[in-house]
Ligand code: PEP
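Only one chain comes next, encoded as structure tokens, the form predicted alone.
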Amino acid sequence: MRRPIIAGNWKMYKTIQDAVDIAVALKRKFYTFSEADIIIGPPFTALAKVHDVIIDSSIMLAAQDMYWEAEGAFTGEISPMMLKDAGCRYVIIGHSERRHIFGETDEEVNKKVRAVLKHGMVPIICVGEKLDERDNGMMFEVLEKQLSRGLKDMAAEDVMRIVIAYEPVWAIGTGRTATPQQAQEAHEFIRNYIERLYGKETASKIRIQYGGSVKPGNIAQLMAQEDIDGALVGGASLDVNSFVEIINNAVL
């Protein structure tokens, strides 16, 4: 059975002190927690301080993005070496906001994923279709393109170390919500695609998260689906009580 994985993406919210306060509160609740992997992704400025708080707990640290070069004249970018030094074990790659606001391509996602793996961290690769793509029946085509390009030239042993997050862009800020059945349909497609490329063992081990308006009230139904192994939580992870409830409800 695949181990559940619940990650909080704090996006461009929280000062250093705010982030530390949340980390302290979460540590009180989950100092030792064996039922799921808990990951929090503060902004870059707070990574090292948050790591100092959670270092001796079961909570792990993620970065929200990364550049693929180890170092160099790349003003404003963050390298994998810097993230590892700050205590990161996971890196979120290809989030829909990176793709659609900042123009990140599948080829860039591939470079970042390979760099994360090279430096001994775990990439969380985000994939998902937009509203017009969903309405035009292009969901599977979009997912296959993002996966094939994002995982290009990777061996099965590398893919087993990756987490995939399905985030339907059409269900974020549109007033439309993905049902557990719709989420499962996409997760099943992703797992079947991994099996076609990398074999049954890889597909059975890779963890696939759902991201798209995850709340305490819907996480249990999502986790009940066969191919949903966890959640990439956005806004609801910014509130301690909400995130704690999501984690607890996820492992009922």
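Each residue number is its position in the shown sequence, starting from 1. Predicted, not measured: the structure shown is a model, and the values here were computed from it.
Keep in mind the form predicted in complex with phosphoenolpyruvate (PEP) is missing from the figure; the text below concerns it.
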Does L117 reach phosphoenolpyruvate (PEP) in the model of the complex if we count a contact as any heavy atom within 4.5 Å? no
V214 near phosphoenolpyruvate (PEP) in the model of the complex, any heavy atom under 4.5 Å? yes
Even though phosphoenolpyruvate (PEP) is not shown here, does K11 get within 4.5 Å of it in the model of the complex, heavy atoms only? yes
Give a yes or no for K112: in the model of the complex, does one of its heavy atoms lie within 4.5 Å of a heavy atom belonging to phosphoenolpyruvate (PEP)? no
Within 4.5 angstroms, counting heavy atoms, which one of the listed stretches 81-89, 178-186, 102-110, 163-171 is next to phosphoenolpyruvate (PEP) in the model of the complex? 163-171
Can you list, in sequence order, the residues from 218-239 that come within 4.5 Å of phosphoenolpyruvate (PEP) in the model of the complex, counting heavy atoms only? L232, V233, G234, G235
